[in-house]
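We've got the same protein chain twice here, in two forms, each standing alone as structure tokens: structure 1 and structure 2.
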Structure 1
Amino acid sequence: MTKRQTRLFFLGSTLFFALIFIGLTIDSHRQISALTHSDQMTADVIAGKRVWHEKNCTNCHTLLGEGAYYAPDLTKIAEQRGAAYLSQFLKNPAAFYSEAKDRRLMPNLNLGDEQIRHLIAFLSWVSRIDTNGWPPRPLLVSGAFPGSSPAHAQQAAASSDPVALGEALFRKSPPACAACHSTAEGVQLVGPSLAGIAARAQQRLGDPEYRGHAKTAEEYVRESIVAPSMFLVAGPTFSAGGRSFMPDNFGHSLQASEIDHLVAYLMTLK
């Protein structure tokens, strides 16, 4: 082999692979619109992306798994949390987390209401991008998501037991119930622990504050899922201005049978 030949090898192979790369890039541009739902990129989404960059969120957080590793991944956060909670959190993170407990805290970035609305629109759009199955398992900010393995979910789907199906759905994301609710006694995440919810539901019906329509514990649990603001569990970080931080769209985003399963599961938590 001479130097002339190795130079040819270098130039030839570089040109060859660069051309393939550019060809694939052109093809990708034809597909990215569909994969990212670019038709849903409203003016709010684009404005939110600008805030994301201006406020340097990416140098603490990862988004689509890229960024810094100091703070939780936010790819699916909009799907897990919903707008009501996120807008309150972004206004004042210190109301929800404590540096003493977690050793770190998101600083208050002094975001305006508009900026927060745009950010949430942007993060919601990101949560719908086709990420080829990533993350393979829901990533949580805190708490635990045990038994959410694909095998576990398959097992549940194979059975027709509504309780098993409900438990599997509870741990899936979406609807990400388990991202906000622990089923262990006394473990408060974003929402209250649901340990003993079946028994507590019964007491709620007798609560003088209760203004809802439920007559039985089961109906109360169902109402809590589809109309969370009907009764607000007391707590400084559960609701604001009469509105629960729990997403209020489960009545639409879940099928009636799925809600039945969730209720069946929750009613086993005595």
Structure 2
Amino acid sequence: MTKRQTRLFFLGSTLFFALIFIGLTIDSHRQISALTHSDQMTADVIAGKRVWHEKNCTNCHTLLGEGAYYAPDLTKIAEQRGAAYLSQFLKNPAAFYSEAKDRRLMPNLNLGDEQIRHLIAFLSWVSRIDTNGWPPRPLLVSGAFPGSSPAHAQQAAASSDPVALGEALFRKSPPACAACHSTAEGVQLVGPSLAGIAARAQQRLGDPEYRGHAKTAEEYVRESIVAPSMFLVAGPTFSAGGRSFMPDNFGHSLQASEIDHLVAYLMTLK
């Protein structure tokens, strides 16, 4: 190849890849509105973003991978924890975590009710952004539950065993069950431990505090997933005002078969 041919090859290749880059950039900007559902950016969302910056939340947390890494990434916190939990947590973080036990404690930002409502609106909007799978695992305050490995997830996907599929889904985000519930006896994360839930389910049916319609332990476990406030487990960080902190949208966000698999897995925890 002569010097002239080399120069032309270099210039042509540079121009070719520059055009590809420009095209991809234009395509990315074209999709931003749909990927971020910007049409749902309400006044409350904008006000919540202002609270996020005024309180310097990025000094500790990340959103979409941007920010400090001292505290967990909050990209999907709204769908993992739910508005009821977040509202109570933001009022008094110390009621949920102990510095001695968890080694770190979020300071009380002294947020008013309106600021909390705005901040939750902002985090809910962020949680619906198409992030292509970020963050790669559920938010975990404790390492008590290791989560699902890619190999484990692939093995479960190839299986027709509902228990294996349910266990993989339990560890997957969403629904991020493992981010809030441990399956080890006496280990409490955000919600109560699910160790022995299959045995306790039958006892709950006879509890005078039970307000549901289940007739069997399996029906109770299913109802606990789709309507968690039917029975409130005693504990200062589990519920408030007669409502469970567990999100109540799994009946819509999960497919019927996925709920079947979760029930099959939870019924093995005896």
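Basically, rigid core = biggest C-alpha set you can superpose within 1.5 Å across the two forms. Numbers follow structure 1, counted from its first residue as 1. Keep in mind the model is a prediction, meaning the values are calculated, not measured.
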query	finding
Between structure 1 and structure 2, the form predicted alone	2
Residue 255 C-alpha relocation of at least 2 Å between structures 1 and 2, rigid core basis	no
Residue 128 C-alpha moves between structures 1 and 2 by 2 Å or more, core aligned	yes
Displaced residue check between structures 1 and 2: residue 213, CA, 2 Å or over, core reference	no
Distance moved by the residue 27 C-alpha between structures 1 and 2 (core-aligned, Å)	6.2
Rigid-core-fitted C-alpha displacement of residue 68 between structures 1 and 2 (angstrom)	2.3
